[in-house]
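Below you'll find only one chain, the form predicted on its own, shown as structure tokens.
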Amino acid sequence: MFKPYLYRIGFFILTLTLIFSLSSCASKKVAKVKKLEVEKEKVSEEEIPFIKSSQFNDPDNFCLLCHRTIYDQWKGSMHNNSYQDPVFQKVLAVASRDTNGKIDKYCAFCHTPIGVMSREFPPLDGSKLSEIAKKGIQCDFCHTISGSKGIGNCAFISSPGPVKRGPFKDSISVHDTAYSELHTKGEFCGMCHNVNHPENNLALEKTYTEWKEGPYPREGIQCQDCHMTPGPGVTKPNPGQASQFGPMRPHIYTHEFVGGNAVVTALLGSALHQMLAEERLKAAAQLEIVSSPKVTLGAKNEVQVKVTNKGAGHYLPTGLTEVRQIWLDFKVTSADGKVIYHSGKLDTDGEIDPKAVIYHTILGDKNGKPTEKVWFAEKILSDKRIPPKETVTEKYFFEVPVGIQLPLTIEVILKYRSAPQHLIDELFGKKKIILPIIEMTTAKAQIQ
């Protein structure tokens, strides 16, 4: 019988604690943010608003007081580490050197939007960045976005202040609240997860467009339904509380923002986010081996491998697909263990067999030569990837010598790596960091 009073007393004490960090008293507001779906709208540097970093609340001493569970999910995520990401830091240094600093703000806007808007970045070394700007894509940045200018290249409208925007129409809090439909739609993610070249408008990342043009929107599945729910795939509803002081709700979005990056999360010490990324990769695809039931000795035999994108709402791979590598490791072994054919193995430098089936894009520079440096990219030379819910078929031909012991074992592994090993060697030094290779899925068959 005393619980309601204890709840109110506790909430009142918490309110007094927080009130000094707020610029206005609590009130309930309901404001629906208009959804805009303008494709490929470029945001020029001149349009970046000037907003002081001090206008944003720090998650470490503000948000976690009431939203501890959500804060813990975000802490250690790639959103949290978007600026601290050591691979990003190294690549940005190379890009800055190659372009004489021309694209510093363009690259950093996605990784430290508060730093760029506050004019604390550049300089490139981050020496002027406030602690809050170093925390990347953080709570108050996202929950004070009031609208969208379109899709891609950071087309968000930032309105820091006492009003925090989110998916609930009935929130009551010590800070002002506003309902935002935008926060529940893929268009929210699309403001940053589509990237076009700042000069030639070449599509460098098309994750939002891949989703938008695929089957998932027609089924009502938004980006948040996969990347902000527990585990791979759509796992709604997820009952819980947005705040430890708030009501139980039928669905709460999680905030680990899990993608496929198991490398940086591991480097920065988040075993949880590493595990979640690996789990998601392993749920994204499936393999099927199609072969003749009989082996023809002394002749070429054909085996087909079907690869299906069963779990990703975008292409496999997505994002920076000029460096992401998904490939087939295909091996044929005799009954006594002799390897008859092997495609997709690594050489001593960690490079993939050049004849292997690799799913990625190849960008070309102004001379039409392949480049992994997106700032030099002017065209797409090739794009071999797997759209959502689609299947591709790869054919393998190999000769089986007379006298080979049967049956033959066919083993196929779909492997994933965040970047080529040579690129990591160039950034960090030869074999200083060995990129992990994740086995997404496997298939095995025998033929007589």
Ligand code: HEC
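The first residue of the sequence shown is number 1, and the count goes up from there. No experiment lies behind these values; they were computed from the predicted model shown.
If you look for the form predicted together with this ligand, you will not find it shown, but the lines that follow are about it.
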Would you classify Ile289 as touching this ligand in the predicted complex, given a 4.5 Å non-hydrogen atom cut-off?
no
Does any heavy atom of Pro247 come within 4.5 Å of a heavy atom of this ligand in the predicted complex?
yes
is_contact(Gly150, this ligand) in the predicted complex, heavy atom dist at most 4.5 Å
no
Going by a heavy atom distance of 4.5 Å, is Tyr359 a contact of this ligand in the predicted complex?
no
Which listed residue (Gly76, Gly214, Pro160, Pro167) meets the criterion of a heavy atom within 4.5 Å of this ligand in the predicted complex?
Pro167
In this chain shown alone, the residue from Ala95, Ala377, Val305, Met117 with a heavy atom within 4.5 Å of this ligand in the predicted complex is Ala95
Only one of 47 to 55, 63 to 71, 394 to 402, 377 to 385 has heavy atoms within 4.5 Å of this ligand in the predicted complex; I'd like to know which.
63 to 71
Can you name the residues of 138 to 167 that have a non-hydrogen atom within 4.5 angstroms of this ligand in the predicted complex?
Gln138, Cys139, Asp140, Phe141, Cys142, His143, Asn153, Cys154, Phe156, Lys164, Arg165, Gly166, Pro167
